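Have a look below at one chain only, the form predicted on its own, in structure tokens format.
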């Protein structure tokens, strides 16, 4: 008996990972639907300049996102923006996806819900995002090769970003609210013994100041033990204090998560639930657009082959 559904594949999330899955899914002949509570591109769309994606020496996040949209639609993918997925019923075939604009059914679901960078919540942060305030050193660090920059945080991500910038920019500061780093021992040793990074202990960023011409000019730092405030002139501040996974939907439907709240997947982007895959920043990885695109591609191809092979569908696989 064949499977009857509105779509062959529904992708939740229209960032680079979700759009890559949509391009591959629709190109393979699947009836494909992409749903996103925001707009196509996700966090990538807010990036002023992308210069580390193969094939583009430089492209804006908005232009890159629009190219993803056009390519997916060229192969027949349907994209619905500003539509939030409220629930997914995975205990039935086809799967039922309930949204703010109605319900749809699908043979396969791919979760590409992404993450949000944790913010400091200080004056000047939002106003200067994309103009000196960044949450990804490997993305934006090369824009400040001859400048002074500052990193905020004390965990693995912050130390890794500070070490990366130490070999790239003119001078790097690391601001940490404690008197010792939380990073792994190897990273601690690297930054404390083998780097030129200036570490400001027991300190927090109080305000980020922009220049009249646009962009970051300086930051105000407070020593939380003494209460003393000081200013440091830098051209960029890289905030690495963690991420908040958009995992509410995954939790609700019983997808297995890591300790950090990311979705556990195997090498083929399969989750613990049959017919449910995940890709992009919501899964453990490096937070790079190129990696997200690769994972979205893998998820779509794996789902296609799994359904054809009948791993989860048995005799119904022939309907794929």
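For clarity, every value in this text was computed on a predicted model and none was experimentally measured. Residue numbers count along the first chain shown, from 1.
Below, we refer to the form predicted in complex with a small molecule, which is not included among the displayed structures.
When contacts are judged by a 4.5 Å heavy atom cut-off, residue 99 does not count as touching the small molecule in the predicted bound form.
Taking the partner from elsewhere, residue 240 is found to have a heavy atom lying within 4.5 Å of the small molecule in the predicted bound form. Interface membership of residue 184, defined by any non-hydrogen atom within 4.5 Å of the small molecule in the predicted bound form, is confirmed. Taking non-hydrogen atoms only, residue 118 approaches the small molecule to within 4.5 angstroms in the predicted bound form. None of 193 to 201, 172 to 180, 133 to 141, 230 to 238 except one has non-hydrogen atoms within 4.5 angstroms of the small molecule in the predicted bound form; the exception is 172 to 180.
In terms of contact with the small molecule in the predicted bound form, the residue from 160, 246, 128, 71 that brings a heavy atom within 4.5 Å is 160.
Interface residue among 220, 105, 156, 90, judged by heavy atoms within 4.5 Å of the small molecule in the predicted bound form: 156.
Distance between the C-alpha atoms of residue 288 and residue 187: shorter in the predicted bound form than here (change of 3 Å or more).
Relative to what is shown, residue 284 and residue 160 are farther apart in the predicted bound form; their C-alpha atoms differ in spacing by at least 3 Å.
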